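Shown here is one chain on its own, the form predicted alone, set out as C-alpha cells.
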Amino acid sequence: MIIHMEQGATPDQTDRVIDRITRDYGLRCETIVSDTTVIGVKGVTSIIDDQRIAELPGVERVIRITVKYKDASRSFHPEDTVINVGGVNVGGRNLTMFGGPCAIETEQQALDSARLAKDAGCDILRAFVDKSRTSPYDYRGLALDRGLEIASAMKAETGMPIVSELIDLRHLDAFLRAGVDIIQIGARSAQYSPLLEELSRLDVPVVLKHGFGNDLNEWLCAAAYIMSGLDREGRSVGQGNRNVILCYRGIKSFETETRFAADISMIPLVRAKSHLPLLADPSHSSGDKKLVERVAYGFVAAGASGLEFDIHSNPSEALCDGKQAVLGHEAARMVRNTRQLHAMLADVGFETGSSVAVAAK
C-alpha cells in the first residue's frame, strides 16, 4: 500500500498517519520524501481500512499495490536505488563492471586473473569459492577455508571489493569474517527461501541471479523477500535487506548453440518495473567467449546498470567455464567500449520506459 500525502502536508500529519498504521495494524512504514511525502506500508495490508486512513489530515490518496514484489517495485519506490560498495556505486545512472574468474582454482590463477580484472577497468572483483555446477562431478571450488583465504588475498592485492557466491547457509558467517563485500545468490538458489530469509536479516549487499526458469514475477518476488524482513509466516524478523542487486543471465530453452537464451527486452522491462540495480551476465548467457563481447554491448544498449563476466588468466586450462572466459586484453576492450556506448546513450538522452535515464557519467 502507498499513501500519498498532500503537497504541504506537515511532518506531524505524516507522523500521525504512520502512528495509526503501526499502532492499529502492527505494520511497518517506509517514508519517501521528494516534492511530496509518500508512505509505503509493508506487510499484509489487506487488514487496513482504506477509508479510515484516507480521512486523516494531510492524506491525498491511498493506493493499493497488487504485485507481490512491493519492496522491489517502482510503484513502491519510484527512484532508482544506488548501492555503495567500498566506494563503488552500483545502480542508477552508473555503469559498474563485475569481472574475474568463474572460480578460484589456485592462488596463482586467482591472483593473476584478479590483476587482469583490475587492469581491464573492472570495479568489483569476482572471487568465487563455492560453485554450484550443472553436474556434482564438475569442479566445485577449493575447500572453504583455503578458498576464502585466497579470496581475501585477491581483495588485498587489487584493493577492489569482492563478490562471492554463497550456496550453503552454514558458510555465511565464514564469508562475512573473510571480508566478502557482496554475497551472490546463483541461479540454482534464486528461490531457496531459507537462504533468502537469512540474507534479509543482514545489510550486506546481495547479487540475486535470475533463475534458469524464473519469470519476471518470480525473480522480483525473490528480491522483495530479501528486502522484506519477513519470515514464512509474514512476521517481522528485522528491517529487511535493502541492498539487493539483480543480475540477468537468461533462461533454459530448446536452443543448444548458446548456453542460455538471453532476452534483451528483459532489461528495459525490469528497469521499468523495479528500482533495483540491474546487472547482466554476457558470459553465462552466451557460454562462448566469441559471443560475450557482442552480447555485452546489447545488454548495455538495452539499459543494464552493469555487467558481470568471466576473466581468466589461462582459459584453455581453466577447471570451470573456460570456454566463456575472456582474456585480459579482451576484457579491457569490452569495458572501454561499453563505457563509451553508455556515455553516448546518456548524451542523446536515451531513457527507459519508466522515464528513468538508463545511463550517464
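The shown structure was predicted, so the numbers you read here are calculated from the model rather than taken from an experiment. From 1 onward, residues are counted along the sequence shown.
The same protein also has a form predicted in complex with a small molecule, omitted here; what follows describes it.
J.: Classify residue 131 as contacting or not contacting the small molecule in the predicted bound form by the rule of any non-hydrogen atom within 4.5 angstroms, answering yes or no.
T.: Residue-level check for residue 131: yes, a contact with the small molecule.
J.: Would residue 155 sit within 4.5 Å of the small molecule in the predicted bound form, counting heavy atoms only?
T.: Because no heavy atom of residue 155 falls inside 4.5 Å of the small molecule in the predicted bound form, the answer is no.
J.: Report whether the minimum heavy atom distance between residue 275 and the small molecule in the predicted bound form is within 4.5 Å.
T.: Although the small molecule is absent here, residue 275 would stay clear of it in the predicted bound form, with no heavy atoms inside 4.5 Å.
J.: Indicate whether the small molecule has at least one heavy atom within 4.5 Å of a heavy atom of residue 266 in the predicted bound form.
T.: Answer no; every heavy atom of residue 266 is more than 4.5 Å from the small molecule in the predicted bound form.
J.: Of 188, 252, 201, 115, which residue is found within 4.5 angstroms of the small molecule in the predicted bound form when only non-hydrogen atoms are counted?
T.: Only one listed residue qualifies here, and that residue is 188.
J.: Taking 4.5 Å between heavy atoms as the contact cutoff, choose which of 72, 110, 102, 222 touches the small molecule in the predicted bound form.
T.: Checking each option against the small molecule in the predicted bound form, the one that comes within 4.5 Å is 102.
J.: Counting only heavy atoms and a 4.5 Å cutoff, which of 174-182, 77-85, 277-285, 116-124 contacts the small molecule in the predicted bound form?
T.: Heavy-atom contact with the partner occurs in 277-285.
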